[in-house]
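Single chain ahead, written as structure tokens, the form predicted alone.
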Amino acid sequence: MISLTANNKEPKGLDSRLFKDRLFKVVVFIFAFITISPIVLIIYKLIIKGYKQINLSFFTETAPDTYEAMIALSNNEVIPGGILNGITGTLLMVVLASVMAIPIGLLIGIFLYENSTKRYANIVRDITDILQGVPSIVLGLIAYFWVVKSITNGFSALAGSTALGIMMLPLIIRSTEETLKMIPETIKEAGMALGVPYHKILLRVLIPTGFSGLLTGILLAISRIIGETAPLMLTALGSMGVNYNIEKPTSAVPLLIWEFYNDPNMVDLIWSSSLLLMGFVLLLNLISKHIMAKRA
């Protein structure tokens, strides 16, 4: 009887610990709810305000002028036109920026991985970290003086993609280095033991092994630049029509949002353009999360 009573008796302080544990869970839940509630409200607001303008013409026609928007609003109709010039301009500049930044970023990341202890590699790594914290407007100014003033002699998609490409570099470089560090050294040593040339080990062993991590870094870099406005205002400027000439001014979805913001008749297009941009960025982030989950 004595032993049964001792076994059934709860340890001293157990109730207090259980209470603290439950209290901590409640506090964490409350703060988590406070953290995500602004994001949920923003998404809800964008959907409620932006879905009305989402139609076929939104993707196939260029932005309307103020008079057309004013007439549509006075008749309680959907604003005619769309943001085709912004969509094509964004895709053009993102592709150009990716072509410039991805090979350079991968090569620098591989260099840092292979020479991690050397002084020059540390300098390059520090410069990369500094570049990641530079405001986008400063990178726009750099592209303005490099390309707008010296190469194209005017605003252009090339200048805009140059600014965006510089913004992509830090993320690609650091993700490449960190991805390669996670690959076991034994894989590289096995290739060397077989007498495989070093460039083939990189191209056929290391890069395919870390492909998911490299792709995740690239997608995150693209999702970072796709919503940038400030550097494009100094480089691409914008265009009312669809333009595929990289030496001419080109529009982008963020630029159109800024232009619509300055016109009270275009408010509905602001919400729809923002919804499209947010959806695309969200899609890229979900893809990168899925790739990282499969990799883990």
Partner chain sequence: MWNSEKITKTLLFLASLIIVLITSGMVLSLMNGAIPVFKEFGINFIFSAEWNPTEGREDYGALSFIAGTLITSVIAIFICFPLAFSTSLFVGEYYRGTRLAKIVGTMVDMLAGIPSIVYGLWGFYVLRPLIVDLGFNSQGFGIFTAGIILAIMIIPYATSISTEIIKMVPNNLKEAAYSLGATRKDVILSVIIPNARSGIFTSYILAFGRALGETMAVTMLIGNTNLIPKSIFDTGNTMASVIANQFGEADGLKLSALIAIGLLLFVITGLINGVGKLLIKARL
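It should be emphasised that the depicted structure is a prediction, and the values quoted were computed from it without experimental measurement. Positions refer to the first chain, counted from 1.
The same protein also exists as the form predicted together with the partner chain; that form is not shown, yet it is the one meant from here on.
**OP:** Could you tell me which stretch in 50-58, 241-249, 66-74, 22-30 has residues with non-hydrogen atoms within 4.5 Å of the partner chain in the predicted complex?
**Re:** Only one stretch qualifies here: 22-30.
**OP:** Using the partner position in the predicted complex, report whether Gln132 sits within 4.5 Å of the partner chain, counting heavy atoms only.
**Re:** It does: once the partner chain is placed as it appears in the predicted complex, Gln132 has a heavy atom within 4.5 Å of it.
Original post:
Is there any non-hydrogen atom of Leu283 lying within 4.5 Å of the partner chain in the predicted complex?
Top reply: It does not: once the partner chain is placed as it appears in the predicted complex, Leu283 has no heavy atom within 4.5 Å of it.
Original post:
Is Pro184 a contact residue for the partner chain in the predicted complex, using a 4.5 Å heavy atom cut-off?
Top reply: No.
Subject >> 4.5 angstroms heavy atom contact with the partner chain in the predicted complex for Glu189 >> reply: So Glu189 does not count as contacting the partner chain.
**OP:** Using heavy atoms only and a 4.5 Å cut-off, determine which of Ile79, Leu202, Leu214, Val94 is in contact with the partner chain in the predicted complex.
**Re:** Of Ile79, Leu202, Leu214, Val94, the residue with a heavy atom within 4.5 Å of the partner chain in the predicted complex is Leu202.
**OP:** Could you check which residue among Ile102, Ile222, Leu206, Ile166 gets a heavy atom within 4.5 Å of the partner chain in the predicted complex?
**Re:** Filtering the options by heavy-atom distance leaves Ile166.
**OP:** Taking only heavy atoms into account, state which residues of 33-64 are within 4.5 Å of the partner chain in the predicted complex, ordered by sequence.
**Re:** Counting only heavy atoms within 4.5 Å of the partner chain in the predicted complex, the contacting residues of 33-64 are Ile34, Thr35, Ile36, Pro38, Ile39, Val40, Leu41, Ile42, Ile43, Lys45, Leu46.
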